[in-house]
Ligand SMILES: Nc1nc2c(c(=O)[nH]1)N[C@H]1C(S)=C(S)[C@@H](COP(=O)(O)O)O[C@H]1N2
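First comes one chain, alone, set out as structure tokens in the form predicted on its own.
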Amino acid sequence: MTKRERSLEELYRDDPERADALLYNRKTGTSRRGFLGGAGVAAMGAMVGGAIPFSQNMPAGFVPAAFAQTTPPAAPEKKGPQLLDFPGKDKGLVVLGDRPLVAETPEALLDDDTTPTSKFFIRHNGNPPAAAAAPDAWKLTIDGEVNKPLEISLGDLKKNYKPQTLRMVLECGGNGRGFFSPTARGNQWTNGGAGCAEWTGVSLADVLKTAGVKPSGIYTANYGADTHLSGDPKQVTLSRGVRIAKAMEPQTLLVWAMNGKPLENVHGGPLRLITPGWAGSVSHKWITKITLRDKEHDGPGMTGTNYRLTINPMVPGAKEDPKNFRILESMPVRSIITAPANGTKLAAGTRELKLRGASWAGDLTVKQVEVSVDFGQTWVRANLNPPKNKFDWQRWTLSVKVPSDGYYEVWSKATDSNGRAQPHVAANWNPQGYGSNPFHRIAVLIG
């Protein structure tokens, strides 16, 4: 029996260092750091389907976007992405897990100014409750460090408080996790654990003011109606919270409508929290109780390495030191290319790429978005739209000239209002894979 040598495409997926060793020109003495040799350029061009006009700028050790795995399979035994089959949901969503249900939205499906509910990602932590038969009868309790504990129905929330509608980004705390190497624990999100919907509800601050938060009330603790995957009714699925300052921001809402329609059960209906700019796990679905605490909340999802980033860098894969972690709060800056889609083929003779995308930056705003089509040698600033309201994403557009037919990689990089930009690769590795926000890359073939 003979041993089959893996193709270069397989090697770039599984062992980029070996692929480099085969492709890079050893005669120059600059393998791993030098440029592709002539034979290597031809070999890679054959794999990606065309000439590579800016091949001299390609960094060593990088996997071309044409065969980088950007939509990971739901399980190791699956050969490709598993697409979602769920009532009312777009068939293009990719399932990352089925117990609990987790599905992300490919970047090209996020091309709307307002993300349609059908295209919005799904992230469950436990077993969702049955859809409420009488939504307005749903009860929310506010207790703990308050002067007047209260229980209020959804119907009374609608009648007694002023509603508002805001378009705001909701993003999973693990968005981008799939870009870490070595692999971090959890669902291997790419960029699709985010969406920007129109949320209708009332300010949580107004309800907390009715209850009268005591000076000792410094942290919230959220509880929902979903049940633990084990089936044990005594186990809490998830209970996270935020500092009181974040809870009192006017954009932190108790919402009952999404994109002008009653909030669907799959997205936490009939009532959920939206805590914009922070990890989606603090935007609790099926919310039933908010307890004010006199200390940092320590419920499930608040301790150990759960929803925490390293303070000082750690060796990837090494044993973690619990003292070296802080709570994940504001999400990092991110930009995505929403058109064209990765893998788009354009007609021969096309000399202009018309690009669209989105960008956001947690609690901050986006200062600029830049695009490169020559592997990062030069960058062009995109036209960046202002947000509709605070925590809205910022759409961007750009037309870029290209010199010839061939294979192009389009990279997008956003910089936030504090001057912090997306890195080339996922940085600050941590066991649970939070904070990963490298450039977005797509492949385009002309001719």
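For every residue, the number given is its place in the sequence shown, counted from 1. Just so we're clear, the structure is a prediction, and the values are computed from it rather than from any experiment.
This protein has a second form, the form predicted together with this ligand, left out of what is shown; the following refers to that one.
Peer 1: Does A361 make contact with this ligand in the predicted complex, using a 4.5 Å heavy atom cut-off?
Peer 2: Although this ligand is absent here, A361 would stay clear of it in the predicted complex, with no heavy atoms inside 4.5 Å.
Peer 1: Any chance L170 has a heavy atom within 4.5 Å of this ligand in the predicted complex?
Peer 2: L170 belongs to the contact set for this ligand.
Peer 1: Verify the contact flag for S330: yes if a non-hydrogen atom of it lies within 4.5 Å of a non-hydrogen atom of this ligand in the predicted complex, no if not.
Peer 2: Because no heavy atom of S330 falls inside 4.5 Å of this ligand in the predicted complex, the answer is no.
Peer 1: Since only the chain is shown here, I'm wondering whether F120 would be in contact with this ligand in the predicted complex (any heavy atom pair within 4.5 Å).
Peer 2: Yes, F120 is a contact residue.
Peer 1: Just one of 158-166, 284-292, 139-147, 344-352 has heavy atoms within 4.5 Å of this ligand in the predicted complex; which?
Peer 2: After filtering at 4.5 Å, what remains is 284-292.
Peer 1: Can you pick the one in R308, K246, H297, H267 that has a heavy atom within 4.5 Å of this ligand in the predicted complex?
Peer 2: Selected residue: H267.
Peer 1: Using a 4.5 Å cut on heavy atoms, which of G217, G201, G280, G301 is close to this ligand in the predicted complex?
Peer 2: That would be G280.
Peer 1: Taking this ligand in the predicted complex, which residues along 123-141 bring a heavy atom to within 4.5 Å of it?
Peer 2: Read in sequence order, the residues that approach this ligand (within 4.5 Å, in the predicted complex) are R123, H124, N125, G126.
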